[in-house]
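In the block that follows, a single chain appears as structure tokens, in the form predicted alone.
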């Protein structure tokens, strides 16, 4: 059987997840103009939260998505209000130091509570699959693919069709101009931080059913979110989809032809090349609201 169609299918399924996973990172970077180095640990918080709810209460990780989003939204509000607001007006490097320290704190907190053992959310449909002609598809990957598209589309509608979304885009494009027409950047920063962190924890539910995880996987996940944002750009939700699909294809084909150990290296090389040759990405503008 020709393996290429199977690889393309796997790339599409994985790419949709990466698009949703990285959307919160791209959103906070584009609107707040900060790079959150703790983003990967936020994703793991969602994975461990979903793991705990499933292990101890029997709640399916798909059903616990609203819980993860709500917890992430509150965490984002708290982090923005208590920590990030205090350093945003200082040198950009200070935000990097703060979020790097937060990443270390969260990783060690998760290690203290759950230990460094590899955990996974072993839902009953994780091993089930069905055949589509020459293609074999696992049910869990299809579920994650569909949920990623629905959730990404929901964020798109929020940003395009609601007053809150238009306010976010206005502040991203021109903070001073947004203030003139009565939009509070501080309030938008709070909402954006909450939304971005909520997306991170929600994607943690999906990440937990796709593969095993440990408390110290956050750095790798942050790099992937960074790559998706760099490749796609910060301009639109479509940018996250473009970047996610690029990373999905890159990882699947690299793993098949070169081996699993080359995936992360290939991602780093791609990120450096885009930073050097096309820093705005394939579809993005300099800021989130720029088209």
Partner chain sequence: MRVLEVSDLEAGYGDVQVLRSVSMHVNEEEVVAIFGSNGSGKSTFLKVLIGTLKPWGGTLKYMDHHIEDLPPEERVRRGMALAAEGRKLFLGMTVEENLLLGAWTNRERSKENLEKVYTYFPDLYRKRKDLAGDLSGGQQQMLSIGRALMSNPKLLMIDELSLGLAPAVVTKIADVLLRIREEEGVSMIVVEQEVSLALDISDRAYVFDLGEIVDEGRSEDLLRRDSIRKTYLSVL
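The structure displayed is predicted, hence computed values, not measured ones. Positions refer to the first chain, counted from 1.
One more form of this protein should be noted, the form predicted in complex with its partner chain, which is absent from this view; the next part is about it.
Think of it this way: in the predicted complex, its partner chain has a heavy atom of just one of 112, 180, 150, 131 within 4.5 Å, and the residue is 180.
Residue in contact with its partner chain in the predicted complex (any heavy atom within 4.5 Å), chosen from 138, 160, 108, 120: 160. Within this chain, residue 81 is remote from the site of its partner chain in the predicted complex, having no heavy atom within 4.5 Å. The shortest heavy atom separation between residue 75 and its partner chain in the predicted complex exceeds 4.5 Å.
Its partner chain is not shown here, but in the predicted complex it comes within 4.5 Å of a heavy atom of residue 170.
Residue contact check for residue 86: none of its heavy atoms lie within 4.5 Å of its partner chain in the predicted complex. Residues within 4.5 angstroms of its partner chain in the predicted complex, judged by any non-hydrogen atom, belong to 171-179 and to none of the other stretches in 138-146, 202-210, 171-179, 86-94.
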